[in-house]
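Taking the form predicted alone, here's one chain by itself in structure tokens.
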């Protein structure tokens, strides 16, 4: 694949578990009313929504808006997960940061300006599921690129170091 006229070495997104954790809250929001209805049914409480008057229509509208909000939250979480990415080419490291639904920041740094690459895996879940952060220290405006919650951070750090070594060995 060609990106900025360069060969792409690595494309990275956050670990899928990060999206799962974000979407779990939405799942709880979607299931909470059903659980409450189940509890009411278990205790014999009969819940009827009157359909003939304005109160019944308002209740149906409120429930519909509640589920719409929960589904929009899930969709927003997916877009933030999918559009946030890091790309390593043969000459650059690119950080595409989706800050909101219609706002994106793209930072690009030359491979030759990278001074240090560090992989960090902290905690029980990151160790078990093999994800963590990769820190790339540069000599540019943005002093540190952070690949947050990426799968196999040690492998990514090693790949970036290999690209740096290959770039240094190329004749000027």
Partner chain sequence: MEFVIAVSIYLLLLAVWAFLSMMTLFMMMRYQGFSLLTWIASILYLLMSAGALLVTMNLVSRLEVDWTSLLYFFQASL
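Remember, it's a predicted structure, so these values are computed and weren't measured experimentally. Numbering follows the first chain given and starts at 1.
Not on display, but discussed next: the form predicted together with the partner chain.
Q: Given that the partner chain is not shown alongside this chain, does residue 115 nevertheless sit within 4.5 Å of it in the predicted complex, heavy atom to heavy atom?
A: Output for residue 115 is no: heavy atoms all beyond 4.5 Å of the partner chain.
Q: Verify the contact flag for residue 144: yes if a non-hydrogen atom of it lies within 4.5 Å of a non-hydrogen atom of the partner chain in the predicted complex, no if not.
A: Flag for residue 144 set to no.
Q: Do residue 68 and the partner chain come within 4.5 Å of each other in the predicted complex, heavy atoms counted?
A: Residue 68: contacts the partner chain in the predicted complex.
Q: Does any heavy atom of residue 51 come within 4.5 Å of a heavy atom of the partner chain in the predicted complex?
A: Because a heavy atom of residue 51 falls inside 4.5 Å of the partner chain in the predicted complex, the answer is yes.
Q: Checking a candidate spot here: are 26, 29 and 44 all in contact with the partner chain in the predicted complex (at least one heavy atom each within 4.5 Å)?
A: No residue of the spot touches the partner chain in the predicted complex.
Q: Which one, 33 to 41, 107 to 115, 58 to 66, 124 to 132, holds residues whose non-hydrogen atoms are within 4.5 Å of the partner chain in the predicted complex?
A: Among the candidates, contact is made by 58 to 66.
Q: Which residues in 87 to 109 have a heavy atom within 4.5 Å of the partner chain in the predicted complex?
A: Contacting residues: 98, 101, 102, 104.
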